[in-house]
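Coming up are structure 1 and structure 2: the same protein chain in two forms, each one given alone as structure tokens.
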Structure 1
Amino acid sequence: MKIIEFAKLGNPADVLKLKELPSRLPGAGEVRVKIIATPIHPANLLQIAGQYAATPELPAVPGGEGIAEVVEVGDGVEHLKPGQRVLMAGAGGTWRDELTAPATSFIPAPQGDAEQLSMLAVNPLTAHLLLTKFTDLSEGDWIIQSAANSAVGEMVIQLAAQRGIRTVNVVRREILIPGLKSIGGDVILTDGPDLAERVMKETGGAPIVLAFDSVAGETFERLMSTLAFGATIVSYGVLSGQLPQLNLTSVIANDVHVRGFWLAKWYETASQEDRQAAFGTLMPLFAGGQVKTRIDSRFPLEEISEAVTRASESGRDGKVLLTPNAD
């Protein structure tokens, strides 16, 4: 089998190496799978470069999610059979062409668009949890988000649109507006000091009950100022590197709740039921094509250097996938 490995931190195109190892037969309770597709995320590249919160033990295999097909199962594995599609989610080391691991590492997946399913367990899952964990949203409710053109932001737009939830989407550049309109964004505005007034004008003053922010700094402050009494703002990133000032008038007099979300912690603490509920909702949407992540390009493991180079280019249009077993 082939794996992608890095033995030291550094520029991904330099430090990542393809390595061949013998296959490992599944032991009791284990499953051997061949990997169909696994995405390259910015967080993977940051981790390889040593710029991520958690530094891995080296050598390490990157990759946090993907889709695979069961090749063979060990003793005692009843619910998975050869040929079954499975998700790899919440575990590391997916940039490889096959993997032998405990059956509990794999989530049975439907047939359908395998590439879409391979990118479900990070960004779409984050968007889904943002939309479900904090506030009971009903059809017609308004929410607002920053960094609306991020992978999570685009998923929020699509998943909200599926449920009839209306989105105000804040971006930094006007050029991004038509793309977000086309995937179902209701209102798309560029960030700026008068954001709250422009939001009110566009929504007709409808109450905004939930905000998602991954920019922090003044953008967080401005999103907060658009919110209705009793609304919640969820922070899930600090892209600007700036901490916001906390508007205590919003918190005290307007009863705005401030919360945070971190997917790694969700994977640590989610119950089996939580996982089934989340994946059970998302998989049919992505398998059937109602919701889509844009794909820029596909690379075999042998072209890992080209793949990570492409993944870090600003001109790309969507995700870069590794497809280790493509013809």
Structure 2
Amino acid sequence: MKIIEFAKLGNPADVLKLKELPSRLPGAGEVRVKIIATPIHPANLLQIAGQYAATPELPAVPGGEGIAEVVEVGDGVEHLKPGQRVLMAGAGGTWRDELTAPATSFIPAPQGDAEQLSMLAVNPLTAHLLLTKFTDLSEGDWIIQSAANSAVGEMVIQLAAQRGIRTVNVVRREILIPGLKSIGGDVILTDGPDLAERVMKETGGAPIVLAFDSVAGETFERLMSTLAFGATIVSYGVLSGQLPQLNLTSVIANDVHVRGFWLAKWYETASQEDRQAAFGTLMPLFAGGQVKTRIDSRFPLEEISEAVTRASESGRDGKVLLTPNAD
């Protein structure tokens, strides 16, 4: 089998190497799959560069999700069969052409677009949990988010629209506004010092009950300034590289609740019932095409340097996928 591995931290295009290893037969309770598609996420690149919250034990194989086809199953595995498509959720090390892992690492996939389903277990799941874990939202409620053009941000827009939740979406460049409008964004604004005033004007002063920030720095504080009394702001990233600027006036006088979210920790702590409920909500939406993630390009494992270089470029239009077993 072929794997992508890094033995030291650094620039992904430099430290990632293609290696060939013997295939491993599945033991009791295990499944061997061939991987159809697995995405490259910013978190993957940050981890390889040594700039992520958790440092991997080296050498390591990147990747945390994808879609695969079952090749063979070990003793005791009855719910999965050869030829069946499965989602890899929590298996880890998915940048390879095949994987042998415990059967609990795989979820039966519905019929539908395999590439779209391959990206379900990270960004769409993050967006779903942001919308359901922190505040009970009702139809007509307003929320606000930064980095609205990110994969998570676009998924928040689409999932919120499915429920009639209205979104204020903050971006850095005006050129991004039409695209976010086209997928259901209600209000799209560029970031800036007067953000709160412009939000109030665009929403007619409606209360903003929930905020998501993955930029941090001044943007975090600006989002806080738009929130209603008792609202919640969730920090789930620091794309700017700057820690959140916390406005204690908002926390104390406006009773704003500050929360954090890290998907890896959710996978560690979520019950099997919680996982099944979350994926059960998302899979029909993806399989039926109601929500989608844009795809920029596809690369074989042999072109890993080109793939991660493209994934790090700001001008790309969607996700970059590794497709190890493409025809």
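Whichever C-alpha set is largest while still superposing within 1.5 Å between the two forms counts as the rigid core. All residue numbers here follow the sequence of structure 1, with the first residue given the number 1. These numbers were taken from a predicted model, which means no experiment stands behind them.
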For this session: Mind telling me which structure is the form predicted on its own?
Result: 2
For this session: Determine, after fitting the two forms on their core, whether T281 shows a C-alpha shift of 2 Å or more between the two structures.
Result: no
Exercise. Would you say Y52 moves its Cα by 2 Å or more between the two structures, aligning on the core?
Worked result: yes
Problem set entry | Distance the CA of L21 travels between the two structures [rigid core superposed, Å] | 2.5
